[in-house]
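One chain is shown next in structure tokens, namely the form predicted on its own.
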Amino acid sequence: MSNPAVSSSSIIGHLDLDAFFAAVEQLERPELATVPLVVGGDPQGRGVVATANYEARRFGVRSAMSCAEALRRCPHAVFLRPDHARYRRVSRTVWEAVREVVPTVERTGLDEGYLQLEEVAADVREARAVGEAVQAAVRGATGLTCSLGIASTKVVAKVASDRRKPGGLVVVLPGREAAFLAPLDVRVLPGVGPRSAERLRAAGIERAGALAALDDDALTAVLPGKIGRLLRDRARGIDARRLELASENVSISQEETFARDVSDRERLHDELRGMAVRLAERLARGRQVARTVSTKLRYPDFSTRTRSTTLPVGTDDAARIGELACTLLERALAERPGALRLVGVTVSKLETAVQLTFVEP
């Protein structure tokens, strides 16, 4: 086995707050920690689970499940509607605390992100101590727990952060990345979605190690093209991505689940334009602009499609965001027509708005 003190040129941490929305609710109402708690939509309607605490997860409740199904699985669960403004405030406090320990981070959401640990740790042994300090800082600032994975690559760090929840810390030593991933289900690899997993399973490939072992011909037969090579690299622990520091990869989104499926295009466009207005207001308050606009569609069978476009220059203009969102909706519906149970808009690749001041000569 590799020596834990062996230096690595790249030491990356992945931080994931444990059941974040539910954990924030439990801060204000500690009695909820001992009962199944589901944060999401109306269980009597068509809402979706945003997150569930670990008590609810024991009954098979999980994120993205319909709240009606969550209620069937756990009839005595407490259901709460999300308070996104409060979650954003707590998230800011979390990341301020993290940056006190590790200055360079890439947030990928309110509740997760990557840490550039080689800045503050010479090797993985020191990185473990830094990770413990990060967990203590988050707990001290907010009362929340987080799980951490530490490895030489993003993909391995992300998988590691999910292996010992809640509150765990998993370190994968340099040179042990492929061995760590090998026994795990291929679905744990970022990028392996339902279709890729189905094709892999049909070929008898269920573990990351089996995917990693495929030669080029066998890989092409199962997953042709760039995606196959990318996923095989990830199964081997290979990932050249570094932290994205030019602009944090945090997104802002709005979505609506309808009481009844909607096929009327005018209503769908109105919904998207209304969301665009609210997103533009949030961008303006944060003095930010967005370069990427995405539209999300969910069909009655729960299949979901997302279409995105990226602009050369960021915008916070509601009309422009709405126009792009509607165009993306039409593109998706041209590929698969039908009524929708949910639509949403997301803006991402956020940047600080540049304010120009003109001075008379």
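Note that the coordinates shown come from a computational prediction; the quantities given were computed from them, not determined experimentally. Note that residue numbering begins at 1 and tracks the sequence as displayed. By rigid core we mean the largest C-alpha set that fits within 1.5 Å across both forms.
Not pictured, yet referred to below: the form predicted together with the DNA.
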Looking in the predicted bound form, is the DNA within 4.5 Å of a heavy atom from each of 53, 86 and 265?
no
is_contact(residue 93, the DNA) in the predicted bound form, heavy atom dist at most 4.5 Å:
no
Using 4.5 Å between non-hydrogen atoms, is residue 112 touching the DNA in the predicted bound form?
yes
Give a yes/no on whether residue 256 approaches the DNA to within 4.5 Å in the predicted bound form, heavy atoms considered.
yes
Can you tell me whether residue 309 touches the DNA? I mean in the predicted bound form, with a 4.5 angstroms heavy atom cut-off.
yes
Name the stretch: of 53 to 61, 298 to 306, 27 to 35, 318 to 326, exactly one has residues whose heavy atoms fall within 4.5 Å of the DNA in the predicted bound form.
298 to 306
The listed residue (250, 120, 210, 222) that reaches within 4.5 Å of the DNA in the predicted bound form by any heavy atom is 250
Using a 4.5 Å cut on heavy atoms, which of 175, 140, 191, 167 is close to the DNA in the predicted bound form?
191
Only counting heavy atoms and a 4.5 Å limit, does any residue of 225 to 241 reach the DNA in the predicted bound form, and if so which ones?
225, 226, 227
Is residue 57 one of the residues whose Cα moves 2 Å or more between this form and the one not shown, with the core superposed?
no
Large Cα shift (2 Å or above) at residue 285 between this form and the one not shown, core-fitted:
yes
Any chance the CA of residue 311 moves 2 angstroms or more between this form and the one not shown, core superposed?
yes
